[in-house]
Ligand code: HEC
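Below you'll find only one chain, the form predicted alone, shown as structure tokens.
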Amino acid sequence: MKNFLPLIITLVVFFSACKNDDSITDTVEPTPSIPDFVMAGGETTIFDITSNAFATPAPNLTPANFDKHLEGDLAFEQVFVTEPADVNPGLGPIFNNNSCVSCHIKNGRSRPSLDGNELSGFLIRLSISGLGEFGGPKGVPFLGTQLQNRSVFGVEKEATFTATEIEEIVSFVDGTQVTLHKPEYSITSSQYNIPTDIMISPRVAPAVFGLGLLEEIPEEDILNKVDENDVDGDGISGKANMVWNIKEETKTLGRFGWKAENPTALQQTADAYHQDMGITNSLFSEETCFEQEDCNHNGELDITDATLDITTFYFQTLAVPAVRNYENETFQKGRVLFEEINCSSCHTPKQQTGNSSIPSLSNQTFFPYTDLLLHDMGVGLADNRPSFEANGQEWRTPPLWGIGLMPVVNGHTRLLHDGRARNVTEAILWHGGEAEQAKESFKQLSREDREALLVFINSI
């Protein structure tokens, strides 16, 4: 019965959201007169401010695709175990976690971790100097491109990690001070020699709703915003990450991951199965421990293409929570300020999908607040680890939708690639590089204007 609980909850929330019942105080019904930007996911939008806000099927799915989504939900919930087991074998031999949902709890963001001793949605990407296969990061000998800090019985884990935090005090024009915390990670207790040129990049698991919409933005729409040499002189460059597409066997536009390292939702899902859980599949058929003597790979894939496809479909067809508080004057003031201090140059509010093989995603106008391009974010946020076209200071613009619901869904407000920011204010204050001017403009705002901007961001 345990595996069916998420399904029951999903069905209850889905059908409850369709009822016009005044007794439901935490669900808001849309009206015909609401502005288009409130429908953050277009027709895939739901009006839900509960802990299930990121975990509901898109309301415009066909009956057949609704059933397929629920099947994918069950795959997302499955816990993998070691071989030989009758159900869900194949975990490891080395891994970070044992299920999708354990990293993406309720499809939201994970917390950071300062040590590698617990299961979490936090991981460490690795590489050394030089280029790997197809121009990507070059893996560390025996460790590869991701540190797996867990292992199955009888196999020694690769290593663990620890972190120390450095504090930095930032002052606003009105005298308000904020203390920022920057974690610095190191690899410890490894059974292998750690190269002196190792590059370490900590990552938290991002939210996974809305991936299908982001995938269906026409490539030319994204590339049209590229201004790598800042020809227009606005200080914002924008750069595409061209990455290896395994299915097409060529480089294509990267859209997913903190540095836009994966081109499709399918490859992103397959990569997560492989690197995070040690689950081999048709896109990544070698065990992550393939250089190690105790790998015990039997040559068989751990999941079928059918499982990979329905898990991907689940991500692609999740509903997007609607914008909240939009009639509030403070929200409206914050929306104007968002444009005035130029946050919208990278966090592009509006996008449009093209035709899709999934009907519910076709020709949707939606509001993710991202351009999906790489931007130089300065020294403060640098991980100094290149990935394809992305250099050590460049990051993909993350979508902002749903940020204000994180406390309800995930019980925290940690932001940025490594979760260092404890709230939106700190996230903005870490901005540098192309976003330096926007950050300085934010620091010059009055307390009232800062609060208005935060109300807006936490409502989209």
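These numbers come from a predicted model, not from an experiment. Sequential numbering from 1, following the sequence displayed.
Omitted here: the form predicted in complex with the ligand. The next part is about that form.
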Looking at the ligand in the model of the complex, is some heavy atom of each of 342, 377 and 395 within 4.5 Å of it? yes
Under a 4.5 angstroms heavy atom criterion, identify the one residue in 273, 388, 161, 331 near the ligand in the model of the complex. 273
Candidate from 424, 39, 61, 409 lying within 4.5 Å of the ligand in the model of the complex - any heavy atom: 424
Taking the partner as it appears in the model of the complex, which of 162-170, 81-89, 309-317, 175-183 has residues with heavy atoms within 4.5 Å of the ligand? 309-317
Does at least one non-hydrogen atom of residue 324 fall within 4.5 angstroms of the ligand in the model of the complex? no
Taking the ligand as it sits in the model of the complex, is residue 346 near enough to touch it, meaning that at least one heavy atom pair lies within 4.5 angstroms? yes
How about residue 455: is it within 4.5 Å of the ligand in the model of the complex, going by heavy atoms? no
Would residue 338 show up as a contact with the ligand in the model of the complex if we use heavy atoms at 4.5 Å? yes
Suppose contact means any heavy atom within 4.5 Å; which members of 399-430 contact the ligand in the model of the complex? 399, 400, 403, 415, 416, 417, 424, 427, 428
